[in-house]
Each structure stands twice: as C-alpha cells, then as structure tokens.
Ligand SMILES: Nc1ncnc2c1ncn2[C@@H]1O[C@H](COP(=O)(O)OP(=O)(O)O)[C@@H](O)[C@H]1O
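The chain below stands alone and is given as structure tokens, in the form predicted on its own.
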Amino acid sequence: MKSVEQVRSVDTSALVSEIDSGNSLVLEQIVHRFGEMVALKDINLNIQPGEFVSLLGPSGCGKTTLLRIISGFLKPSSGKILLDGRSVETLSASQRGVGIVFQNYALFPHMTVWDNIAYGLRAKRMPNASVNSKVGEMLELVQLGHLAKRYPSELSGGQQQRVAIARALAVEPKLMLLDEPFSALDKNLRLDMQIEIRRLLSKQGVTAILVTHDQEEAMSMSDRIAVMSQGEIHQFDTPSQIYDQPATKFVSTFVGTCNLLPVTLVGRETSDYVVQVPGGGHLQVASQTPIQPASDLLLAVRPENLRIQAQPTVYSLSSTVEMCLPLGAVTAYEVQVSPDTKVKVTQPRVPGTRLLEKGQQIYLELASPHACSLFPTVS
C-alpha cells in the first residue's frame, strides 16, 4: 500500500513539466513549526494556471497556516514557494500580487462600495481615470453598479462577499486566496455564491485556492482537492478520484460516507483481487497496488457502491437487513454482513416498489470493483 509520503511524492511531481508559464504555484517541501509543534510536514503542491484548488481538512489540520504562508503573512520554517516560477519566500504579502478574500470579508466600514473596490488601485497610485474605469468594470462584473454609493453595513452578506471579490480582482492578482468565505452565509445563499464566485474566477482566468472544512463545497467547486490531516497532504487529486479511489483510510472516511470492511486477500481473478469477508462471502476488488496473499486488509466501499440482489452470485455477501431509512430520492439500509460487521447501503428509490423489511435476507455485491480501495489493517 502507498504511504502518505509516497502519495505526496507521486501527486506533486507529475505536473512539474506541465507548468511552463502563467499563474502557477509550486510549493516544495514546506515545513512550519510553532515552537515544538510541527504544523506542516513536507508539503508539496503543483497548482496549474487558472486552476481552482481546495485545501480540505478538519479544524487544526494546517490548511489556514498553509494559506497564510502562500499569502506571505507567515514565513515557513523551511521550503520553497514559486509563483510563476519565481521564488517569493522573502517577499511580503503586498509584493506577491495575491488577492485575498477573508472569512469576514474585511471591508472598510467607513468606505462606500466604490471606494472599497478602488482602495487597492489607489494604493498602487494608478491614475484616477484608470481607477474609475477598473472599478466600473468590477461593479459590472459582480452586478453591483446600483449599490456603488452604499456602505458595507447597508449590504446583505452575499453583496458584501461580492464586493470583497471585486476588490480582490480589481488589482489583477496572480493568485486568489479564499479563506472559508461562505461560512457566514445561509445554505441557499451559500450555494448561489459558490456558483457565482466559480463563474467570476473562471471568467477572469484566475488561479484560486479555497480553504474549507466543508467537503461538499470542495467537491462541487474544485478542479482538484488537497485533503489534509495533521499537517500532511494525504491526497491531491480530482474530486471524482478522491471520492472513488481514496488514497488513505483517512481520506475514505473524511470525504463522504464510507464502509470499512475487514477482509482477507485469498486470490486473484484476471487483474483483480478476490477478498473474503468475515462470514464467508467473497468480493472481487480492483486495486493498482500490489498486495501480498493472505494479507489482512480494510476494504473502503461507499454505500451506493453496494448493490442489493435477491439471489447469491459468485462474488456476493449473504446479509440481513437491520434497518430501513427512506430518504426521499434514495433509501438507506443498515445491513448485517457478519456477527461483528454492519454496513450502510443506499439505493435509488423506485416509486411503487416495496421497501426491504427488517430480518430479510439479501445479497450484496459491488456495483464497481474499481470504485473502492484496500488499506492495511494498521495504517
């Protein structure tokens, strides 16, 4: 199985040759310590020009520390930061050409919308005509021209967020950093603003990094996601790869809902592995990582990747329904596959069909042997 170190080295080296120009960001062996505590451990990332990347992980995993290092507000203990191929570790935040949208938006309360957007342009001593033209362009982009003379206190949360985005984009940043900008918004407005910000950044072709602990937010907005835990990157990949083929046990349980089944490798079938589940059933699993025979493993499988059958097949598990939870478009079941193991199974609801009942015997098979992962029991 791949270690976290192997995952990092594979994911962070494959794209180096592809980044030749544009607003790229390369992090090499970034380490940061707060006294005796190591907050970041050998972080390596290659972010392509125009890419939208999320740093996803639980509180305290190091994602905000990494964002502060990228922005220039914090100097790393060691490591390199290359922006467009240029080393920027010694440059201040203002010298890096980075735009930042904070969690609380950080608008100047005594300035109008117009003046907030113009602030960075005036700080760069741009001519008034250029400032006026650029502010007008940004107001049109975020559709707030009619509110140009209002103050932040007179705006809704979504409008304040759009002003913060416009202010950051006005100075034509090489890189946009978003520090949990949606956390203060209600659910409906949050989705609207996620769509809006993704549209704005794509239209401007800006490379962006989002810090979030919300997996749905990261999955829906990102080209790629860096999943972090305890100062390390466990996987840097596309949302679909992270969901279907998690690289570590942490990724499998942190992103989405996942069953972890104890299994033993008992054989091969063409290019796939055959594993035995306690209770006697067998499943056929695809894995790109060489595994030794008779290895004790954990099979990570999503609830929707378990298909319910009325009759046994060559690779299926004899199971008993323990609980049924109708959830509208889908039905969730808790199923006993062995005396010590229960799994969650979700199935699309078909109107007019009867739900399975408690105590009913069924058989589970994998819908896709490729959309799951095998991990060592101890990892």
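In this text the structure is predicted, and so the values were computed from the model without any measurement. Just count from 1 along the sequence shown to find any residue number.
In what follows, reference is made to the form predicted together with the named molecule, a form of this protein that is not presented.
* Contact of P49 with the named molecule in the model of the complex (heavy atom, 4.5 Å) -> Outside the cut-off, so no.
* Evaluate V335 for contact with the named molecule in the model of the complex, applying a 4.5 angstroms cut-off between non-hydrogen atoms, and reply yes or no. => No, no contact at 4.5 Å.
* Asked: Is T65 close to the named molecule in the model of the complex, meaning a heavy atom pair under 4.5 Å apart or at it?
  -> Judged by the heavy-atom cut-off of 4.5 Å, T65 is in contact with the named molecule in the model of the complex.
* Asked: Is C61 a contact residue for the named molecule in the model of the complex, using a 4.5 Å heavy atom cut-off?
  -> Contact check for C61: yes, within 4.5 Å of the named molecule in the model of the complex.
* To do: Can you check 326-334, 308-316, 35-43, 346-354 and let me know which stretch has heavy atoms within 4.5 Å of the named molecule in the model of the complex?
  => It is 35-43 that comes within 4.5 Å of the partner.
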